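One chain comes next, on its own, written as structure tokens: the form predicted on its own.
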């Protein structure tokens, strides 16, 4: 009877995961989708407890100890996740996502290690052994790679680190891990468990994850995060087969497929294959694409605000600088003043703006910006020539016209937001620094562009005051 209940709970879990993911496809229903999928995960955990009480007689003597350990682990995990989730700032959300991705991959790798060291995987045949090894390899790479991504996003690791013959070293590590994995499978089928070889296998996989990520610059971090998310899902699905746990298989497959699709979409948005992101080290390039004609012109925040107040159409491009300044609430306050004046205001979101997929959408949603005035690149790019004013707040590479025509530039070919085609463009920046890709931005030197220097929140306060003084 208990087995029937477990299977029924797993089936319900699968439905909740799939339905929750479907609701996450729209910003309007995304919050409820997350809650629905969360309920599914709670049910999956409860089903795992039921399975623990239904184990064979030989394991009953260890049941109390195992349940106690599970409760301790759940208590620590829930406590840390609740505290960090409540504490984390919106600007640190990408770091948290990277860290949670890594924890998922690490959990899958830990399951693989347990099954391989105990001999359980090997005793269930060649298919289970192979899946345990592959899940352990992918999970370990996702763990260490995500930790490096977290360190880069959190400012604990700056720049890129490239070794001589980097790709050759990575290839040797990858092939060495596969060879060790094959050795573990073959010898395990003969009843031999080589503890040193299994340990070395996981060490090589962890090192591979580190060396795959350290050469990648910040401009590619959104793609890297989604890629490791896909890795984590795949590793969890493999280990679900090893444990014969349907919930893990379904959850891992859903996460892996969603992460893969998102990675491909992000890479397409940058007009680059995923292999180019991993192996070409686009981010952090020192090539500035050549000399740029013209000079930067500065403007006061009040002048920019007045120009927008008397405009017919304004397009706003948010970037990571907006998140750092935590200026999204002041920005929306300013937008409401413009709308009250009758100005048509729209937000333009680039797929790789910010430090993770959907970062800007989450930022604007937190401030209460209506979804119907937030538009993706392909939906709004044609509107820029009709815009009286376009204002950029903290974005850089995603609005650089060099991507269209300067073949020597590392960002050449990447689709950008056509801010330079607006009648007047304002760029809010704290200084004259380059973007995460290390490329000088041609937009800043354009005739129709003026720079508004300062912290985004302070600038927005000045703009609000300037507009209110007109009333």
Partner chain sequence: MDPVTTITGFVALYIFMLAAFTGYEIIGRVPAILHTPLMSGSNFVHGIVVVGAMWALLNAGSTLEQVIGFFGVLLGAGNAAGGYVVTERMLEMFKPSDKRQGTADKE
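Each form is matched to the other, and the largest set of C-alpha atoms that superpose within 1.5 Å is called the rigid core. For clarity, every value in this text was computed on a predicted model and none was experimentally measured. Residue numbers count along the first chain shown, from 1.
What comes next is about the form predicted in complex with the partner chain, which does not appear here.
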Looking at 189, 73, 203, 172 here, can you tell me which has any non-hydrogen atom within 4.5 angstroms of the partner chain in the predicted bound form?
73
Of 158, 312, 244, 275, which residue is found within 4.5 angstroms of the partner chain in the predicted bound form when only non-hydrogen atoms are counted?
244
Report the stretch among 113-121, 383-391, 297-305, 319-327 that approaches the partner chain in the predicted bound form to within 4.5 Å, counting heavy atoms only.
113-121
Residue 108: heavy atom within 4.5 Å of the partner chain in the predicted bound form?
yes
Examine residue 7 and determine whether its closest non-hydrogen atom to the partner chain in the predicted bound form is within 4.5 angstroms.
yes
Just checking whether residue 37 would be counted as a contact of the partner chain in the predicted bound form - the rule being heavy atoms within 4.5 angstroms.
yes
Does at least one non-hydrogen atom of residue 183 fall within 4.5 angstroms of the partner chain in the predicted bound form?
no
Within 4.5 Å of the partner chain in the predicted bound form, do 207, 414 and 447 each have at least one heavy atom?
no
For a quick check, can you give me the residues of 348-366 that have a heavy atom within 4.5 Å of the partner chain in the predicted bound form?
356, 357, 358, 359, 361, 362, 365, 366
On a rigid core superposition, would residue 27 pass a 2 Å threshold for CA movement between this form and the one not shown?
yes
